[in-house]
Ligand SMILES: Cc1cc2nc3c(=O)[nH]c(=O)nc-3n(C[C@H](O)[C@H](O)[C@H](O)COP(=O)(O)OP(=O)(O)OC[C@H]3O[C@@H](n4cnc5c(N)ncnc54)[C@H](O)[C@@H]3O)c2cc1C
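Shown next as C-alpha cells: one chain only, the form predicted on its own.
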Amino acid sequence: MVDWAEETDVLVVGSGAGGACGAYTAAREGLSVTLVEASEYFGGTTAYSGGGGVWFPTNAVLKRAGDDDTIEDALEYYHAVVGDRTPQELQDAYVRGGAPLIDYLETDDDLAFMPYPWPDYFGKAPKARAGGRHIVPTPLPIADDPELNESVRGPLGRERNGEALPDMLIGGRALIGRFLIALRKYPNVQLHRNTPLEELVVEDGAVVGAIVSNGDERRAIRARKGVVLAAGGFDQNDEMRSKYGVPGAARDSMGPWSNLGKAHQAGIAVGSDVDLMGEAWWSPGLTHPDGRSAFALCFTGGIFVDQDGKRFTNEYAPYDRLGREVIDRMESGDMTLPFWMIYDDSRGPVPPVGATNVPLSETEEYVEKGLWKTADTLAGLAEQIGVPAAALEATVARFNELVVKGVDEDFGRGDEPYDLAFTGGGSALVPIEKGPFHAAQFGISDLGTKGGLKTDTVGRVLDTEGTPIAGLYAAGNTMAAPSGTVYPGGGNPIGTSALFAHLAVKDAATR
C-alpha cells in the first residue's frame, strides 16, 4: 500500500521542451498536472540551446514564409538518412506530427515562433532542404518578470562564468519561458523544482504514480492518467555512460548536472525495453580553461589535425557528423585526443569559432593552461602541440593548394549547404598563411545522450516483449530517438521531445 501525498491526472518528469509541452498539453486538455524537475531551474538541456528550434516539416510558420516543402519530400529525406535503424512508423510519427503540433500551439498567443533558415544536415541526401525545415521560438522580453528569468536554466554564461542574466529570453530559454507563461492561465498545475524522480509505482502491471524526493523527504504522487518521463538523457552519469559504452565523459556534455538517468533507471526497473543506449548527439568541443570541452560550431577558418599532424575531416560539416567521425577514428585506433584547430593570425589569436556556446575566457587563461599555442612558424607550432613538423607543414601546404583551386578535393569542405552557412557568402576554404600561427585544443562534446526507453508512435513505453506498459510514457532524450544513429537536422532533439510528450498526454487523456 502506498500513502499518496498528492494526486493528479498526469505526472510529468522533467521540464525541458518535452516536460513543458507535456504539462501545457495536459493543462489545456482540462487535466490536472504535476511537473517535477530534479534541478534548481526549469528548462533542462533545452534551455541551453542557442536557437531552441524544432525540425517540423511543412508547419504553418514555414508556409507563411513561402515554404513549398511537402510531407512526402520530408519523409523521403528522413528515411534516407535514418535508414532502418528505427521503426519506420516511429519515424513517420515524428515527421508527420510536427506541423499539427505547431497548429495546436499557435492558437495560444503566448506561444510564438518564427522561421530560422538552417540547412538540413545531410545536404546530398534525397530531398534535403538548403533552407531547412526549422523554426525557433520568438524572443521574449521579460525585464518586468525577474522571477521567471531567474527560474529558467541558463544561459551558460551565467552558470559557468557568473555573468548577469539578460532581460530577454532567447532560444531554448524563450521556448521554456513561453510555456511557463502559458501555464499560468490554467488551474490545477503544480510545478516543483529540486524534486527528482526516485522510482515508479506499479499496481496490477500498470504504472500508477511515482516516488519523488525533496531534500530528505520522499513522497508519493498518484497519476490517474499516466506518467510522462521527459527527464533528458544520462549524459552526466559517468557510470551509466561506461555501462552502455557512450564515448566521452560527463564533464564534456552540454546537459545540466541533473541529467543522471534516473528516469531511464526507473523505467528499466519496471520492465521497459531500451535501445540506442550507446548513442548521443555529438559535436567537436573547444577545450576551456576549466578543462571541459564544450560544443562549438560556426567555424570560419582553420583546419583540424590529428596526432600525426594530418588533416582528417571536413571541418565545416554539421557538428554531429564531425563528432562521429572523430569517435569512429578513435574506436578504430587511428586517432587519439586531443585534436587541434590550426589557423593563422589574419584575425588574431582567438580561434575562428563563431559560436562557442560557453563564453570565452581571456586569451591569457587558455595560453596559461596550454590550450592555445602560438609560434612564428608551423614547425615551431608543431613542436608545441607534439606533432611531426614536416607533416603539419605538408598538411597546411596541401590545404592552401586546395584554397587556390577553390575545391576541397580531400574532404569536400564547401560541397553542402551547411558548409556555407557561416561564410557570409564567401568560400568555405580560408588560407592559412599569415604568421604567427596558432593552434587551439579540441575534444569531444555532446548535447546529451539519445538512447532510452523504447516507445510506440504515441510515446507509450514498451516492455521487452514489445507490449505497452500501461500508464507509462517517454519523450525526448528519455526515449530511444526516432532518428537512430544520425542527426537529420537542427531542432531534431527538441522537436522529438516536445512532440512525443504532446502525443503521450493526448493518449493519456483517453485512459
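Computed from a prediction, not measured in an experiment: that's the story for all the values here. Don't overthink the numbering: it's just position in the shown sequence, from 1.
What follows is about the form predicted in complex with the ligand, which we do not show.
Asker: Within 4.5 Å of the ligand in the predicted bound form, counting heavy atoms only, one of 368 to 376, 193 to 201, 406 to 414, 237 to 245 shows up; tell me which.
Answerer: Only one stretch qualifies here: 193 to 201.
Asker: Please run the contact check for Pro493 against the ligand in the predicted bound form: heavy atoms, 4.5 angstroms, yes or no?
Answerer: It does: once the ligand is placed as it appears in the predicted bound form, Pro493 has a heavy atom within 4.5 Å of it.
Asker: Closest heavy atom of Val227 to the ligand in the predicted bound form, within 4.5 Å or not?
Answerer: Val227 lies outside the contact set for the ligand.
Asker: I'd like to know if Thr395 sits close to the ligand in the predicted bound form, meaning any non-hydrogen atom pair within 4.5 angstroms.
Answerer: No, no contact at 4.5 Å.
Asker: Do Leu111 and the ligand share at least one heavy atom pair within 4.5 Å in the predicted bound form?
Answerer: Heavy-atom contact with the ligand at 4.5 Å: absent for Leu111.
Asker: I have Gly16, Gly43 and Leu447 flagged as a candidate spot, so tell me whether each of them has a non-hydrogen atom within 4.5 Å of the ligand in the predicted bound form.
Answerer: Looking in the predicted bound form, the three residues Gly16, Gly43 and Leu447 all sit within 4.5 Å of the ligand (heavy atoms).
Asker: Only one of Asn149, Gln91, Thr300, Ser258 gets a heavy atom within 4.5 Å of the ligand in the predicted bound form. Which one?
Answerer: Only one listed residue qualifies here, and that residue is Ser258.
Asker: Could you tell me which one of Val36, Leu62, Leu453, Val33 places a heavy atom within 4.5 Å of the ligand in the predicted bound form?
Answerer: Partner contact (heavy atom, 4.5 Å) among the options: Val36.
Asker: Enumerate the residues of 45 to 78 that have a non-hydrogen atom within 4.5 Å of the ligand in the predicted bound form, in sequence order, or give none.
Answerer: If the 4.5 Å heavy-atom criterion is applied to the ligand in the predicted bound form, 45 to 78 yields Thr45, Thr46, Tyr48, Ser49, Gly50, Gly51, Gly52, Gly53.
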